[in-house]
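Next up: just one chain, as structure tokens, the form predicted alone.
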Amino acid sequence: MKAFEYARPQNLSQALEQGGTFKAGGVDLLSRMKRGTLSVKKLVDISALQDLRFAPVLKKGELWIGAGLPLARLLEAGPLLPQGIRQAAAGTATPQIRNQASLVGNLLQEKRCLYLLDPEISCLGNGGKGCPARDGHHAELAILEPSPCLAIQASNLAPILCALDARLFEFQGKDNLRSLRAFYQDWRKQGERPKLPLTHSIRIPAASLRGGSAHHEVRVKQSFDWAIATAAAHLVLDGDRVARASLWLGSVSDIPYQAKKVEQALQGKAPTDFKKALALLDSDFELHSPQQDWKRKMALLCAEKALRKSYDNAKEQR
């Protein structure tokens, strides 16, 4: 790990004055620094700032969650928290990591690829040329909208928060509300994670608190493992039929993937039509080799499970 300056501000005002790289839980950040795939000039430790660690609370119909809140404390919110968020947080890594990792850190973690995470290998993801994954280990990498770099966004909370149309509330001289969906699109366009000011909270609009949500993921190991595929759904019902649908997948592309064709096909449909709608998603997959077919099957399974659980949750909420 390269030398760096360290600051531990006592309040938000001091944090904003520091400049540098902010650290809340630091699980992904410190891991990258130790591996040598990231170097910072100044590390600003904001993990003790209680203004960023507040539990979910309703304000003016919106759900506000402190950006620095550890995932373990997020799970203590009870029925106030949409079920999809609770399911995604509960499946994150291990109890020890959930006690340390922050909500915003989970969303901003670096993309995953064995080659990208190796400081000795040059590739597109770290400013080099070529993608060694294409001729090497790629079975777990991108199968939807694959770019020249096959690395995947592995945040398991990103799909459900995108499905719920969450916003990042930031400080940057003046307050700013940024769509999480737009943030990931900017990441794709720029080829690297956009620079962020201090993020205060994650906010979910009132419209997304209606209906039901759900998250489903598949992993090789039950704990301390990255998901092969994840899916998150949010459904609003009109009677027993879908009035509005949102379906997002994770660990299958360089950013969370919105299944727009499926969302449109579900309008006005009953749960018996879910498999027919998911056939449209199957047509979107772009496999680099037959090795990735198992990942395709797991992604479809996750999508169907998330939709059906979301439908059941929406019926219970009425």
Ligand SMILES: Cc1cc2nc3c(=O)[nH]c(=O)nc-3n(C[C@H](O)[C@H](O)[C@H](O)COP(=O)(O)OP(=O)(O)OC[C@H]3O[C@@H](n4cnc5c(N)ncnc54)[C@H](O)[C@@H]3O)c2cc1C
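Note that residue numbering follows the sequence shown and begins at 1. In this text the structure is predicted, and so the values were computed from the model without any measurement.
FYI, the form predicted in complex with the ligand isn't displayed, but the following is about it.
- Three-residue candidate spot Ser102, Thr199 and Asp225; every residue lies within 4.5 angstroms of the ligand in the predicted bound form by at least one non-hydrogen atom.
- Here the chain stands alone, but in the predicted bound form its contact with the ligand, taken as any heavy atom within 4.5 Å, falls in 216-224 among 203-211, 75-83, 239-247, 216-224.
- Within 4.5 Å of some heavy atom of the ligand in the predicted bound form lies at least one heavy atom of Gly25.
- The ligand is not drawn, but in the predicted bound form it has a heavy atom within 4.5 Å of Ile97.
- A residue is said to contact a partner when one of its heavy atoms sits within 4.5 Å of a partner heavy atom; Arg188 fails this definition for the ligand in the predicted bound form, lying far away.
- Heavy atoms of Val262 never reach within 4.5 Å of the ligand in the predicted bound form, leaving it off the interface.
- Contact residues in stretch 52-87 (any heavy atom within 4.5 Å of the ligand, taken in the predicted bound form) are Leu52, Ala67.
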